[in-house]
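Next up: just one chain, as structure tokens, the form predicted alone.
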């Protein structure tokens, strides 16, 4: 597969007229640390766009919620406060159930299955974002989600009363159904929340735990492969419409390469970060049968609730995905 750096040189030759245009800076707010693979991928995407447009578009990334807090990024791009941004789309499931399709427990638990799910959901997602004044550019899945705790957990009953960091509707509902107490916390605030006891547990990939060095506060990570949430890069529709066709094509080409490169990064980062958690002193293991049985019961409830809320559009996407199995 070509890398983004390879595409920079090739696309630069096709961005006719872009070099002569006045340089324009596009600030790209990110919710995660600069060292997170999503942030690194976005930085490479920005570099690709800069070269492919002959310097007409200069994308500057602002990681770790430094420009806008994670929960504010999508709104900032919709309203034109930022021309482009990246957001964990399931965090906005309260706006539209389809935004939570990547967080239906145990529906798509591998990278391969998740990509097929997103292929089925993609057209609807593009249409929904378009209606919200956003232009979809690319998206990348996180590694499979597991559970973090500060003590051994063998069943759902063991979770009762634990303060659980939620980041979207699905995680808040999971907390409720397992007897935990959901606390809304953005990624940039996670380390402090764990250190101060505001949160005692959360569900995420090994990447988030590794980036946040959660071994300083927690002790156990259980691999449950609940789902693979997805980050989306989108642009403000007016900012996008102001670009000429050659510039739009150059950005689309870089976005396609960023999607492929991001998937490779996510897959590679999975084992790397789990090893990193172990090296930090955490116990990393597959969840036991009793715990998994209880979680799947919770997942079945959440799946049916999602299908009811998502209506015909959601059901059609799920049916299309399952038909491909």
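Predicted, not measured: the structure shown is a model, and the values here were computed from it. Residue numbers count along the first chain shown, from 1.
Note that the form predicted together with ligand PCA isn't included here; everything after this is about it.
- Within 4.5 Å of ligand PCA in the model of the complex, a heavy atom is found for every one of 167, 187 and 229.
- Contact annotation: ligand PCA lies within 4.5 Å of heavy atoms from the stretch 197 to 205 in the model of the complex, the single such stretch among 197 to 205, 243 to 251, 213 to 221, 74 to 82.
- Though ligand PCA is absent from this view, in the model of the complex it lies within 4.5 Å of a heavy atom of just one residue from 145, 93, 178, 139, which is 145.
- When you look in the model of the complex, the only residue of 233, 174, 117, 88 with a non-hydrogen atom within 4.5 Å of ligand PCA is 88.
- Residue contact check for residue 45: none of its heavy atoms lie within 4.5 Å of ligand PCA in the model of the complex.
- In this stretch, 250 to 275, not one residue has a heavy atom within 4.5 Å of ligand PCA in the model of the complex; the partner itself is omitted from this view.
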